[in-house]
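Quick setup: one chain, the form predicted alone, written in structure tokens, and binding and motion questions come after.
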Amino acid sequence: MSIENLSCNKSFGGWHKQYSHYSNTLNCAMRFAIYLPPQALSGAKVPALYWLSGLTCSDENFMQKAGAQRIAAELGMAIIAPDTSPRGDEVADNDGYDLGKGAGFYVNATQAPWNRHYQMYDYVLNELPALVESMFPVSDQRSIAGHSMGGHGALVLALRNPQRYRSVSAFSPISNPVNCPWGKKALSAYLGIDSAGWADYDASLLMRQASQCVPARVDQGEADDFLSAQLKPDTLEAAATFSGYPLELNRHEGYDHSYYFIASFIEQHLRFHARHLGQY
């Protein structure tokens, strides 16, 4: 595979790098960022945390705002952040911020015109890890995390593929998209109006019927403007109680939906993943 280095910045003894490559899964050029900790610079393979961002974001938001590099350098963990959707003039879009570019929802679209490019589920699950593990000193020991729409994506990917991930975490995830405005708009467009086909992308429904488990942590701000209408953490918590799923759900008074919230608790998330990745 051919990739192009777009930027390179030294950080806490490691390197943050941004790359572009052509995605056969998405039929367009894609961008991703990777943080390689100091332990990877000698060629030793390090485990990886895949981070999925939320609506309107790209690979840059988390890498620039979360302050994750310091702890990742200490723990010897790579961080890989893909974009949130396909991009390019030929890619279908919508005037709203919650559908189209910047709003891929980490699903495999089945409906035209979205199905030509919007296959983010397969991209994150298969193509991107294959590329990263072939081009960088990164092992196949993976964890996954995300925020909001990306929290939804991380939970869905882990719940459907427990053999692929050691752990999963999310900040303020869209926990029950089949029953919230964001989810209904996106899933009906990408998957069709028959809501029976949406269940494969709903973390609460998947967790309720899970037979295999990936250790899961979710953090939710109690001052989040989207808490009751869009995020519905109570539904996820009820699903975990029903199935006995190992979910740690932490609620934080006064915190909102922003990167101030993520930056406040990202260290705890990275240490959670490091334990399950065998880093300490």
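Just count from 1 along the sequence shown to find any residue number. Everything quoted here is computed from the prediction, not taken from an experiment.
The next section is about a form of this same protein that is not shown, the form predicted together with a further copy of the same chain.
Enquirer: Answer with one of T235, S243, S58, Q69: the residue that has a non-hydrogen atom within 4.5 Å of a further copy of the same chain in the predicted complex.
Expert: Selected residue: Q69.
Enquirer: Does the 4.5 Å heavy atom contact test between N24 and a further copy of the same chain in the predicted complex come out positive?
Expert: No, N24 sits far enough from a further copy of the same chain in the predicted complex that none of its heavy atoms falls within 4.5 Å.
Enquirer: Any of the heavy atoms of Q64 lying within 4.5 Å of a further copy of the same chain in the predicted complex?
Expert: Yes - in the predicted complex, heavy atoms of Q64 and a further copy of the same chain come within 4.5 Å of each other.
Enquirer: Is there a heavy atom of L6 no more than 4.5 Å from a heavy atom of a further copy of the same chain in the predicted complex?
Expert: Flag for L6 set to no.
Enquirer: Residue-level question: is Y19 within 4.5 Å of a further copy of the same chain in the predicted complex, judged on heavy atoms?
Expert: Close contact is absent here: in the predicted complex, Y19 is far from a further copy of the same chain, nothing within 4.5 Å, heavy atoms only.
Enquirer: Taking the partner as it appears in the predicted complex, which of 209-217, 246-254, 46-54, 227-235 has residues with heavy atoms within 4.5 Å of a further copy of the same chain?
Expert: Of the options, only 246-254 has residues within 4.5 Å of the partner.
Enquirer: Using a 4.5 Å heavy atom cutoff, which residues in 250-265 contact a further copy of the same chain in the predicted complex? It's fine if the answer is none.
Expert: The stretch touches the partner through E253, G254, Y255, D256, S258, Y260, F261, A263, S264.
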